[in-house]
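There is one chain below, alone, in structure tokens, taken in the form predicted on its own.
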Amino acid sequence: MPAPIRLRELIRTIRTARTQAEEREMIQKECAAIRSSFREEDNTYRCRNVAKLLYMHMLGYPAHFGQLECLKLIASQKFTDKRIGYLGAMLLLDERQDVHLLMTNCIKNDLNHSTQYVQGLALCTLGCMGSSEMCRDLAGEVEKLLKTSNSYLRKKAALCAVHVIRKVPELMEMFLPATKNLLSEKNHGVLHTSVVLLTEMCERSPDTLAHFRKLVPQLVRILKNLIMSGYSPEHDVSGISDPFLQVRILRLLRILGKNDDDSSEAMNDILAQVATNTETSKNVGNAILYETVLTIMDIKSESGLRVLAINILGRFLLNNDKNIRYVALTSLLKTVQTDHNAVQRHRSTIVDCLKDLDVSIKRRAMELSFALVNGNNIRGMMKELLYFLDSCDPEFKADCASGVFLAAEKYAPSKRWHIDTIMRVLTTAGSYVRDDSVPNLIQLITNSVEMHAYTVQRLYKALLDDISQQPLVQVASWCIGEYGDLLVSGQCEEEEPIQVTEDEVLDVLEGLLVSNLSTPVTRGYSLTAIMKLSTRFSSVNRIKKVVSIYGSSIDVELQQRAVEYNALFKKYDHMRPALLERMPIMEKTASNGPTEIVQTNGETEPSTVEAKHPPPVTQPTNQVRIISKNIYCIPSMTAYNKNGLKIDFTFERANPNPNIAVITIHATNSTEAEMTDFVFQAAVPKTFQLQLLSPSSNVVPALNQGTVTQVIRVLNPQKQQLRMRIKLTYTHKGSAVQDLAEVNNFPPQSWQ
């Protein structure tokens, strides 16, 4: 049989292929030749054939038939064969295939080989794809190599030990004595891998964490030597001595110093030195400074040191690199609650980031800006945020409008300013506001008795300019219905009153009823407003005529409303003035029902939803209905509880569209390690429509110290029983976790 072509020739040949089909034909032809060679047990060219097979595997073609050949190469005595064999095993085998167990004996022999490079190959392979069975069998050999004097083998053994601990956590104690001694090594490679091993151990076991806290002075000394050492060409990266090792040590110090006063005290000085002595002109220095900031924020550091860390983040905001600006905004968002005043100093820089072209930076800057709003800066911050709301992309408008509403409600300096601000939001982004914004503004206006004339005049002017923003039109219709007499009489004192006649007001409301821009809900508001004006205006005959026309409307809701109002004119006319009198002041009362999750600085805090009760109306029959908002008290439920992760659902349903159920998920983590990269996904049957909003965070804190929330909106027009399939993915203790679950036990109130 002729000698097979070399790997270089195969690569050159494949690269000459002009089409995918031509390349596929070349690969198939070569695979057939390799198979024939394997069947004939050709030992001479086995190494060459497996190397070519690995190249094909990298191109995406099947190469599983070469698995056993890799094992034969591993068993060979030649180093070149072993190298390709182990590489093939790492690429083609994993612990899900039983074939890999056949390697155990070969790896054990090679771990005791006389040549360090063969031992290194075995350690790399075990650390890459060793199963829990292999790790149990070979952990003793790895521990022996950790104690060897050869630094080349010690660094590889340390990384292999990390994999062993991940696979079999109970073997951690075996490596404790050897790991302590690694920190006294001068070789940077060994130091780096030993810090990685220590970090893995501390993250997995609280007992080990407490045991290794006494190593803090030694780690501080190593870090000090790194930042004080002169130029070393072997470790220098952009003028900084071994930044990779510095970053690893800072991460380990962060873990060791968390919730421990003594350890934190021991590392305060070195963190201050790193923060002040690190060069910031290169990205390498910025990486070290970022890790330093995270460490300062996580440990029990001094207040001056925390201010220094926030000032570093403030400098990052001025950097031209978008990634650095994003990292700074995200970090400031996490620290704004604990160090509010220090972050406030950088408010102008943060607000400038709202003008950035990058959408992720804009979103982070918007969230941070809302977190910085307080009673002292509310006017200035709202001016900037309203300007941002005017010019931002549609994807930001809903979140920005919600943030403005919450901030205005909490810090409004006056009722007029509050009303003006919310009207400005409805004018510029009315189509994007939350469903509860209309009843909330109505309640605010009702309770501001002295502002009724001013508000109705402002809203009437807004209607004349634009009727496309439906929430604004609904509020304006309601106000004109309530306070139309104040509008016509010109009683506004806050600004120059306008001259309006009754017919002009009715013309505007009738225009809303026939406008193509009006939704059915808006038409309902307009018809009710016209009906209410029958007790405030003298044009009763005109109003009767309008109401009777809509008694035959094709919109069933509007038709029913008109029929009921007609009944008021005919059968209960003597009660009409009492029924349609002005709404009394609405009192806010705490509800025992659902809780609303208010997003602040990337975290969440539950706050009781205030129920907006409709004003008392004496009704002659149960047919007469006035537009109001009802929030139903729906019991919460646990949708998922497994492996320390608990998912609770709370529910809310509100008019004007009771077909929509608003579900808020609350994810908590009772384990000792945080769950990162958390993603919640949901699917419902085709008869439903589902909208999944952004989560408050993608990290679920450990020991139930925080909650991740996410809002789901489910449209259920057919009022069918709600069923949902959820998918959860997250990273826990270095391992990716994915799980599916069915949720079928929703409370009937959430879908009926």
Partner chain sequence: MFIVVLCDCLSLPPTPSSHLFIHISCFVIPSFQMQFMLLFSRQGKLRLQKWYVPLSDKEKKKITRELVQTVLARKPKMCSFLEWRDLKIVYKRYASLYFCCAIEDQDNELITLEIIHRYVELLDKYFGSVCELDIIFNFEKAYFILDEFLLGGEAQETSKKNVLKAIEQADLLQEDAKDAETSRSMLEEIGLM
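As the structure is a computational prediction, the values presented were derived from the model and not from experiment. Numbering follows the first chain given and starts at 1. If you superpose the two forms and keep the largest set of C-alpha atoms that fall within 1.5 Å, you have the rigid core.
Below, we refer to the form predicted together with the partner chain, which is not included among the displayed structures.
Here is the short version: of His452, Arg248, Arg306, His346, the single residue with a heavy atom within 4.5 Å of the partner chain in the model of the complex is Arg248.
Exactly one listed residue, out of Gly524, Pro439, Gly430, Pro243, brings a non-hydrogen atom to within 4.5 Å of the partner chain in the model of the complex: Pro243.
Highlighted residues Leu87, His192 and Gln337: every one comes within 4.5 Å of the partner chain in the model of the complex, counting any heavy atom.
Stretch-level contact check against the partner chain in the model of the complex with heavy atoms at 4.5 Å: of 287 to 295, 261 to 269, 550 to 558, 441 to 449, the positive one is 287 to 295. In the model of the complex, at least one heavy atom of Ile11 sits within 4.5 Å of a heavy atom of the partner chain. At the 4.5 Å threshold, heavy atoms of Lys642 stay clear of the partner chain in the model of the complex, well away from it. Taking the partner from elsewhere, Arg35 is found to have every heavy atom lying beyond 4.5 Å of the partner chain in the model of the complex. Residue contact check for Leu333: one or more of its heavy atoms lie within 4.5 Å of the partner chain in the model of the complex. Along 693 to 708, residues Leu693, Ser694, Pro695 each place a heavy atom within 4.5 Å of the partner chain in the model of the complex. Core-superposed comparison between the shown form and the other one: the Cα of Lys156 travels 2 Å or more. Superposition of the core reveals a Cα shift of less than 2 Å for Gly285 between the shown form and the other one.
For Leu92, the Cα coordinates differ by 2 angstroms or more between the shown form and the other one after the core has been superposed. One change in the model of the complex concerns Pro717 and Ser552, whose Cα atoms lie at least 3 Å farther apart than in this form.
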